[in-house]
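Starting off, we have a lone chain in the form predicted alone, written out as structure tokens.
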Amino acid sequence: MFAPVRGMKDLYGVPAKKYRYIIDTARRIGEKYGYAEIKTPIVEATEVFHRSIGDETDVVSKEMYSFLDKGGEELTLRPEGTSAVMRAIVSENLAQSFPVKLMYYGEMFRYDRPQRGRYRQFHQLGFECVGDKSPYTDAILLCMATEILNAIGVFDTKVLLNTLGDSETREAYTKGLVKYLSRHEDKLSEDSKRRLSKNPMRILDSKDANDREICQMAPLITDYLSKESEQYFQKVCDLLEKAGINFEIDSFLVRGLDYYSETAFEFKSTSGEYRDSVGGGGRYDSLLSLFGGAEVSGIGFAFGIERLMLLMEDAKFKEIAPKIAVIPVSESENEVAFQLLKSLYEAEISAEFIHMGTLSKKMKVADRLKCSTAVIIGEDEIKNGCFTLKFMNCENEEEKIKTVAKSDLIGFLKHIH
């Protein structure tokens, strides 16, 4: 027997329902905020990610699934969605006017050690707003992200918030950071020693225990902010406070990708067994121009869908719709049951046609499928022009069974569901 590739999982049953519920909810909210859906290929030219994410990030240096195709072109299974969306905005000429607001979802791939909530093939849900730089835009995006979390039943989260400043800020901060880290160079990991001369801010994102301990006493970027960046960040914080968003300043938050600037954030779970990041994002300047587009700023975020599904286990989860079981007592009633099933579908009512086995077995199947109501069709029902309804979850025996006229059935089922 073949098993799934390590770090990759089949998605079916309740997890598949949760996945669909998350996507449908996020799409509905995103459309309300003016976002249109985009789907990009799961494979891109490798240079798309080298150019945007940065060669010194873990994603590019260690985690990408890259290969040569039969034509000798170097391709990569997408490790994140923002770069692909930027490429698409330019190549499909989507930037007729700004802002461009796009949402996406789908499979991503990173070669990493599989663990709970982290797989080699995983799913992300993301939003990008390009061509509108304003603290109000940042705050509105975070409000939308929070609304999505609450709508799917994920309540106990907080926003870790930081600013990476403008280019002037990062240039000054980099000098101060290198000066500090150079005094501890002999204790840094090999990756961080290499990054010290190439991209020292990446060291703040190191997973190495010694690196993290050294970074605890590193200078803070907030001490190097230009006046413009300081005012921008303060306005974002003020707006989030007024909006009632639960946030906390984390001066060491830099995110794992090179393209971020100004506002950066992560959503972190604060209760339950899984207390880790469920997603994050930030503002990026000049990312679109790397692909030949306009020199404009953007902001975006992505949620890890598998991580959201973990948090939904102990939160409210809504089934997509209660189902009706259409059950003919014997084979003689199959034709009538089939016609009823067709009528239910035309009325947009979810239903199952359960026609195999004895009546007792059929009822057990209806229960296993979590049908809310069974419509039982026997010889007497056909003769009298009515149907017998059994409410599967009703504990009151007197109210558990009801007879409804054939002409009234559709309206009755729509009313109770």
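Since we're looking at a predicted model, the values are computed, not measured. Residue numbers run from 1 along the displayed sequence.
There is also a form predicted together with ligand HAM; it is not shown, and the following applies to it.
The stretch that touches ligand HAM in the model of the complex, counting heavy atoms within 4.5 Å, is 103-111, out of 328-336, 103-111, 193-201, 215-223. Contact check for T82: a non-hydrogen atom falls within 4.5 Å of ligand HAM in the model of the complex. Mapping the unseen interface onto this chain, K187 falls outside it, with no heavy atom inside 4.5 Å of ligand HAM in the model of the complex. For A88, no non-hydrogen atom is located within 4.5 Å of ligand HAM in the model of the complex, even though that partner is not displayed. Although the partner is absent here, R78 lies well away from ligand HAM in the model of the complex, with no heavy atom inside 4.5 Å.
A heavy atom within 4.5 Å of ligand HAM in the model of the complex is found for one listed residue only; from Y232, Y173, F247, Y259, this is Y259. Of the residues given (P135, G131, G279, G153), G279 alone sits with a heavy atom within 4.5 Å of ligand HAM in the model of the complex. Contact annotation for 106-142: residues with any non-hydrogen atom within 4.5 angstroms of ligand HAM in the model of the complex are R110, D112, G117, R118, Y119, F122, Q124, F127, E128, listed in sequence order.
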